[in-house]
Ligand code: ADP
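In C-alpha cells, one chain follows: the form predicted on its own.
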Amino acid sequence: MQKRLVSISVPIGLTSVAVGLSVALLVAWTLVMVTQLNIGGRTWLLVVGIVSLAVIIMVLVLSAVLLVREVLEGRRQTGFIDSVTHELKSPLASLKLCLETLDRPALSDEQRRALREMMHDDVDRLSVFIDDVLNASQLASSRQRLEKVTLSVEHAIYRAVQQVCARRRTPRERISVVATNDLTLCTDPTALEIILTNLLDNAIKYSAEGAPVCVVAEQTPQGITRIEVRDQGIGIATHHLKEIFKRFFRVDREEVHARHGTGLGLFVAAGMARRLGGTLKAASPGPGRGSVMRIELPARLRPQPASSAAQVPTKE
C-alpha cells in the first residue's frame, strides 16, 4: 500500500513544486517589470507575460490531474485483470475437479448429485461474470437498444428476487418486498432486471449468512418511481459512496476481497439506471452498519446516451 501511495504522491508533489515556482516567478517578474523597468507604452508586454505564465500554471495543473486519473484508472484495470483471472480460474478448476471426481465408479447417487450442483453453481458464476463484462462493454459503446414496456414494479422485483435466491441458494423468505400492487413503470424490462439483480446479489453477497434484505418500492409525489434495496451487511464508508459506482472499483477492505467480484456490477447498474433516465445512489451509516441502494426512475422511459450512462452518479 505504501508503494501505491508514493506512486501518486510523486506527480502531485512535483506539480505542486512546479506551480509554486511558476507563481513565484510570475509575481517576481511582474514586480520587476513594474518597479525597476520603465515599460512606458509596452504595457502589452507585461500583460502577455502574465497571461503566458498563467497558462503554463494551468497546463501544469491539468497535466497533473490527467496523470493521476490515468494512474488510478490503470490500477483499477490491473485490479480488474486480477479479479478476472480469479473469476475464471477458480470455477474452471472446480469444474475440472468435479468432472474428474464424477469418473470414479464408487460414488453414490447423492455424491453425484452434490457434484452436479457444484458444477451448476460454477457455470452460473461464469455466466453472471460474462454478462457483467458484456453489459459494461455495451454501455461504453452504445450498442444496447432499449424498449418501452409497461410493467408491474412488484412483479419485476419478485422475478429478480427469485433469480437471485436461486443463484445464491438462499431462502426466498430472506428477502422481503414492500410494494403496492398498482405501481407500474414504462421502461425497458431487461435493463430494470439487470439493475435489480445486481443490487440484490450485492445485498446478499455482502451480508452475513441469513441476514435479512428488504426491497421497498413507492412512487413519489413528483411521479418518480423509487426502489430501495436495504441490507444489514458490511456497510460503506462515506468517502466511498460515490466511488463504488466507478468501473473496476472495489473497496480496499478484507470483507470485500473475501467475496468474489470484479468491480463491474454497480458500474453496470448505475449506467443502466442513467440510460433509463434515472439515478442510482448509495447511502450507509458506515462500515458494519448496512447500506441502502436507491433507484429513482421516471414513470415513462427517457433514454439517455451511452456517454451519459457511463458517468458516475452524483452524491446527494
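Just so we're clear, the structure is a prediction, and the values are computed from it rather than from any experiment. Don't overthink the numbering: it's just position in the shown sequence, from 1.
From this point on, the text means the form predicted together with ligand ADP, which you will not see here.
I'd like to know if Arg125 sits close to ligand ADP in the predicted bound form, meaning any non-hydrogen atom pair within 4.5 angstroms. No, Arg125 is distant from the partner.
Looking at the partner-bound form in the predicted bound form, is Lys205 within 4.5 Å of ligand ADP by any heavy atom? Judged by the heavy-atom cut-off of 4.5 Å, Lys205 is in contact with ligand ADP in the predicted bound form.
May I ask you to state whether Gly278 is within 4.5 Å of ligand ADP in the predicted bound form, using heavy atom distances? Because no heavy atom of Gly278 falls inside 4.5 Å of ligand ADP in the predicted bound form, the answer is no.
Test of understanding: in the predicted bound form, would Ile236 fall inside 4.5 Å of ligand ADP by heavy atoms? Looking in the predicted bound form, residue contacts with ligand ADP include Ile236, since a heavy atom lies within 4.5 Å.
Where, among 157-165, 104-112, 242-250, 188-196, do residues come within 4.5 Å of ligand ADP in the predicted bound form by heavy atom distance? Every other range fails; the passing one is 242-250.
Just to be sure I understand the contacts: of Leu67, Val256, Met58, Ile50, which is the one whose heavy atoms reach within 4.5 angstroms of ligand ADP in the predicted bound form? Selected residue: Val256.
Relative to ligand ADP in the predicted bound form, which residues of 283-299 have a heavy atom no more than 4.5 Å away? Heavy-atom contacts within 4.5 Å come from Ser291, Met293.
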